[in-house]
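So this first bit is one chain, no partners, the form predicted alone, shown in structure tokens.
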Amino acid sequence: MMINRNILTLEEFRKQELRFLSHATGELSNLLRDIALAAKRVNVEVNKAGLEDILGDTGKTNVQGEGVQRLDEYANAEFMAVLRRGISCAGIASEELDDFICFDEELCNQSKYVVVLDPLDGSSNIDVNISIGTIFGIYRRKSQKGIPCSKEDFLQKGENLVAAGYIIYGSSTMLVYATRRGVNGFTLDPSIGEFTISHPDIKCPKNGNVYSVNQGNYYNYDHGVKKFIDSCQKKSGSDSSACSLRYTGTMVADMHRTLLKGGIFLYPATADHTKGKLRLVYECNPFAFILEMAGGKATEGENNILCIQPESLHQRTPFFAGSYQMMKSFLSD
């Protein structure tokens, strides 16, 4: 059997990158390896959904008042455990936690990074077997190494992200992450149990013909958003640039398609959620960073998402992101 050694695993890819980073310590690579390990463990449980008693609501609610699914709880616990044992993370902030968790142990306190995390995005789609995912962001801590991390380490602007990424558990399981060197995608090869490079140097197309929005809330959106949606709908089917609506209700799935194929993702404020519904720190900032590193653009309607100073861990915001030209058109309407 011929083995293609041009196919690099995530760990091999990171080691290759380290050759070009003279001051790198390898700590970020170790942290990405730990995130990949936790993702592989979550993937196993996701693939058993329906075969074992791991579906359904726990009966608990998280800090946002949303029902916690059993897989939500499992994913959060798995990422916490792996990151704590991996010693390359000083602490985490998660959608499923009221406050941040500091890994107050000697080795973890020496780490220069903290992680923000949505352990399992798309909980409402778990029971119906639609793609779900994990979103993460990595910050260099502001607090001094050697002491426990603090809340200010997590309440940083998105522009300070060192890396961000997501895992999508779909027809295949993919890990996509961005640094300032670019965006790369890795597909889990179940035959060897490793994420291998499959989408190198991802660039978001400058334009697209797909828009993603919860159309059912149309009449609750402001005039500018409705006007843009109307402009997408009014293009005739004979127009080669006609837009199609694609919306799954899982941010990871819709943003993954937008990143690879081009388009625009819209999650506006409504009368019921005047400050928006998506979380700035661990949902919007990571995806805005990924899109911008791939040549796209992200805003909260007026300002660059990455320039917003978070005031709380679970702060919400409207979110608009996608191909550069479509975003330019949206912002000019």
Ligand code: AHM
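We number the residues from 1 along the sequence you see. Treat the numbers as computed from the prediction; the structure is a model and nothing was measured.
The protein also exists as the form predicted in complex with this ligand; that form is not presented, and the subsequent description refers to it.
- Comment: 112-120 is the region of 198-206, 112-120, 166-174, 140-148 lying near this ligand in the predicted complex, near meaning a non-hydrogen atom within 4.5 Å.
- In the predicted complex, at least one heavy atom of Thr250 sits within 4.5 Å of this ligand.
- Although the partner is absent here, Glu95 is a contact residue: one of its heavy atoms lies within 4.5 angstroms of this ligand in the predicted complex.
- Of the heavy atoms in Phe289, none are within 4.5 Å of this ligand in the predicted complex.
- Shown alone here, Lys277 lies within 4.5 Å of this ligand in the predicted complex, counting heavy atoms only.
- Checking Asn214, Asn220, Thr187, Thr179 against this ligand in the predicted complex, a heavy atom within 4.5 Å turns up for just one residue: Asn214.
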